[in-house]
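Heads up, the chain shows up twice below as structure tokens, two forms, tagged structure 1 and structure 2.
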Structure 1
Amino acid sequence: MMKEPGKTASIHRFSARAVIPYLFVAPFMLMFLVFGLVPLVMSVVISFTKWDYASPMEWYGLGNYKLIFGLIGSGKVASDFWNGVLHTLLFVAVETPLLIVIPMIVALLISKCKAVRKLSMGFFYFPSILSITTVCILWNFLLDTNAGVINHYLGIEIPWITQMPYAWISIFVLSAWWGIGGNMILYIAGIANVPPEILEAAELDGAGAFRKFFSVTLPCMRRTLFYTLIMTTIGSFNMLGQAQVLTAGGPNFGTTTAMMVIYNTAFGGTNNFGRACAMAIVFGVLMSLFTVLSFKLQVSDEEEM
């Protein structure tokens, strides 16, 4: 007699307890579902339609993709899009090395100058706390052809923002100035984690500063390097603010990036949501290809060791 109620109570308690873990994950899963998974499915579906958001959706099959790859239509859509992708790739190809090498040099300097380590870390990180629009307003002034400080001091009259290739150079410099901080701090942490006994052993073997850096410090920082490489590349792929605020995509669409083309297709006047979704998917696949490729590279690199 006593057993029965006890048993039901324990069953009851068990089922209530079984729900608890789900309560823990529920808020996150809800957000993940609504803003992560559902949009992904929606994006794929919308990419097969013609839709301006105001009128009813119209099935378009592979039409948007054909347009993007220049198989139908005048080819204007394709040339605009791939023009943007090309510019994004140019930015990634130039800016990523800059944001790996410059912060590394600064990090090495700071690591050697121990007395001012903390002070200079804060100092070099400062530009990164500014929002991209503030940075663009500031550099827009510095780079001004007539009133700008840079031309004033160099005694030249270069139209830094409105002429090629200067517009790109301006974007590269501005982005490097803005982005030194994050990677620099990671490198300083990485340098501090290099086992001193290996460095001492290398020194005893007669290795110079350069040899020590390339044969000891750098290999020891492989994980940090890989992390910054991935993060910097993804960030560069998403570049938009610089091109929109500083150069407005110009001159003559010369600095229009893929993100900008997608943004303008969806929100710049005509809401061409179907086409923009297809563009986002093509561009997104390109981006993930890169990420998967670098992960593969890293895995094979680790297996080698």
Structure 2
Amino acid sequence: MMKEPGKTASIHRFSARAVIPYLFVAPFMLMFLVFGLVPLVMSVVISFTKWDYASPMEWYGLGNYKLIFGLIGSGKVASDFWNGVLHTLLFVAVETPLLIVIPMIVALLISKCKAVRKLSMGFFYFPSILSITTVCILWNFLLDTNAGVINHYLGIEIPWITQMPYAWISIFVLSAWWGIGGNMILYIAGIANVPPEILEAAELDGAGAFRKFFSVTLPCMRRTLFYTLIMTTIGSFNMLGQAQVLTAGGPNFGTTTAMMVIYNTAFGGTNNFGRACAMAIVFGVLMSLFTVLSFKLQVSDEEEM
């Protein structure tokens, strides 16, 4: 039985229409498979081995995980790793609110001062385009105890980098200065998208500036706030450069984060890639738990509204 020409052409058009969207997605999926999924699977496999790059892999089973949780060995591996996790949690607990609140304040000020908006946005966004190494070198020049600009012009001798709690204070201030720009841009866009009629209605009802912000602006920016909270927290969990370049993990390993422990285990002389992969898996699970919890809270909040 012969197929009708019109029907055959429509089938070809339908097939092409169905394939085209996958062609657009294909480059991203290829990049994700090569640089995302495959390394993740390899890391999981390697975490069950002993491997120092030079020697063949040796199957170690759950040995690396037992070391991390202190079930075998002297406990030094577990102590170093979990101390790094605690330092990371300290950084997350302090830095995440700073990178949510400060960019919001800056975005509100810029939104009110339209005449200098572009200049102000460029001024606050500029640090975000610098590499963390560049930022740390710059701040080391500012904070050095003996030759630093800050101590020299203020006439003080505060050991900003070499003593506690100044080392952490320096890291917090540096990270806030470096990270303001990205969230600020998102908040400015979110503020611009708040319906003006709602703000006018609130003003007619007698709402002041604070009332309009907390009752109108913030609820309208709920999704933007949620996005910045998740991304900022994940970025804070992955803090490495600030502590490694500015303070070198000191003083007395007091600013050594989990990412530094993982990096040093893999490349810092220990060269135990299997153990480093196991640490990365455990740390990744902790980050995933936070992300899932945040999404649950967001969904429940939207259902209530």
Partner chain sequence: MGAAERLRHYFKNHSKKQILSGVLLYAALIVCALVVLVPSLWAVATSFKFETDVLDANVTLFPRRVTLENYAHILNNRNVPILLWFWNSFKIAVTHVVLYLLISSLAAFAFSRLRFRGREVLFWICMSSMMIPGVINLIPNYIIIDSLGLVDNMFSMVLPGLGGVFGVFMLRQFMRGVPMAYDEAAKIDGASEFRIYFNVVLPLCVPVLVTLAIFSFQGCWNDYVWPLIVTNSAETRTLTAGLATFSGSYSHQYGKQMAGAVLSALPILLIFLLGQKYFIKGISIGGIKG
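By rigid core we mean the largest C-alpha set that fits within 1.5 Å across both forms. No experiment lies behind these values; they were computed from the predicted model shown. Every residue number counts along structure 1's sequence, beginning with 1.
**Student:** Give me a 1 or a 2 for the form predicted on its own.
**Tutor:** The chain shown as structure 2 is the form predicted on its own.
**Student:** Is L154 among the residues whose Cα moves by 2 Å or more between structures 1 and 2 after superposition of the rigid core?
**Tutor:** The answer is yes, as the C-alpha of L154 shifts between structures 1 and 2 by 2 Å or more after core alignment.
**Student:** Core superposed first: is there a CA shift of 2 Å or greater at M29 between structures 1 and 2?
**Tutor:** M29: C-alpha displaced by 2 Å or more between structures 1 and 2.
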